[in-house]
Ligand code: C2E
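So this first bit is one chain, no partners, the form predicted alone, shown in structure tokens.
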Amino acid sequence: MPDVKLHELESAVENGEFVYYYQPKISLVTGRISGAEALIRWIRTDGEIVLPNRFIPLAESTGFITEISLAMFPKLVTDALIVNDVNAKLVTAFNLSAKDFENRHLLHAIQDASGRIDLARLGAELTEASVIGLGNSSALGNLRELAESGIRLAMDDFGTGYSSIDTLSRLPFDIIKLDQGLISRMSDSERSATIVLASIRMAHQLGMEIVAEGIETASAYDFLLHAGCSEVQGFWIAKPMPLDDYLAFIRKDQIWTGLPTGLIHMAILDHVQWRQQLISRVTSLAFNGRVDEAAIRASDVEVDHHQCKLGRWYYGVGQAFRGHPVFDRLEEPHRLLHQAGFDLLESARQGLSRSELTRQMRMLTHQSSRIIELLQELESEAMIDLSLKRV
């Protein structure tokens, strides 16, 4: 294939030869379509489709990528408005480059679009390499301002670079996208599978969603469903497609397996972590010979059973299990557990004896064990139900 020339890119923009193809994403919580990633394609006047790997490197190296982004963003908004007329909940994600943040032109275009579309229905994806390319404070400021506009930011190709975790700690990402190479190696590499599981857990603890791309088999889908992943995309679900085909795909309203069994396991881990934090706080404050009342009042242990991570799961996506006897039995013991946690912190504040605090800790741990038993029972029964639906 002959190399693409810059003047060809310039002509392609002038002639409107760039279009978006859409690759659907599936929520592993609902089992339904949650949106799509908009992938740029170049369709020449002779009908040839030029894939991004043939022209994006040139556009990046010359800085022309921003001209393409500026030209394409209005098309993206128009397409997204059509998509949201069919399903108002769907999110359309698009890719950005570090070059796009070197000036404020694209940022202003995005901000101005808020009069046409709810920016929460759009998402921006940046590779780690792009983020590392944000070498100056003004570019980083533009990125942060974009996040403040309401658009959700995703770090794409997570797991391919050397400073992903450091980057996550510094920048306002809402979503992690696992690299498709890592996903493709899961079945053959225990280490890759472990990295995927650890990444999902880390994202969960950070309050971030996690998307896996490159899903090409049913087994990969099942692994991620049981691991607690948020969304998936890949050829096993659907290849990138023109807007008209994407609209037809949405209209089918196909349901994939969506019982979020993996999130039950996450809820168990969250609960154990909450209990450990509570016991550690009480022992560190009350067993050292003095009671630091200010520290107890400022405790980072959540005592509201609605607001702890288990509670947010129970009253949020966990409602997918509502009506299941085990799930319904979970609410009252969880509420009582948090009351016991509050009483324990109060006892430490009042300076009760070590023996009394130990007695209360034993009671709380016993109640915690009951919560874990119920969650494990729910997890087992949900996985059985899931297996029976596939028979």
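Just so you know, these numbers come straight off a predicted model, no measurement behind them. Residue positions are given as counts along the sequence shown, with the first one as 1.
Beyond what is shown, the protein has a form predicted in complex with this ligand; the following relates to that form.
- Among heavy atoms of D174, none comes within 4.5 Å of this ligand in the predicted bound form.
- When this ligand is considered in the predicted bound form, E102 lies well away from it, no heavy atom lying within 4.5 Å.
- This ligand is not drawn, but in the predicted bound form it has no heavy atom within 4.5 Å of P333.
- Contact annotation for E60: at least one heavy atom lies within 4.5 Å of this ligand in the predicted bound form.
- Taken together, L225, G228 and L259 are entirely out of contact with this ligand in the predicted bound form: none brings a heavy atom within 4.5 Å.
- Shown without its partner, this chain lists S199, N142, Q180, T92 as candidates; in the predicted bound form, only Q180 has a non-hydrogen atom within 4.5 angstroms of this ligand.
- Though this ligand is absent from this view, in the predicted bound form it lies within 4.5 Å of a heavy atom of just one residue from G123, P240, G159, G318, which is P240.
- Contact with this ligand in the predicted bound form, defined as any heavy atom within 4.5 Å, is confined among 80-88, 213-221, 103-111, 310-318 to 213-221.
- Annotation for 56-93: interface residues with this ligand in the predicted bound form are I56, E60, I65 [heavy atom within 4.5 Å].
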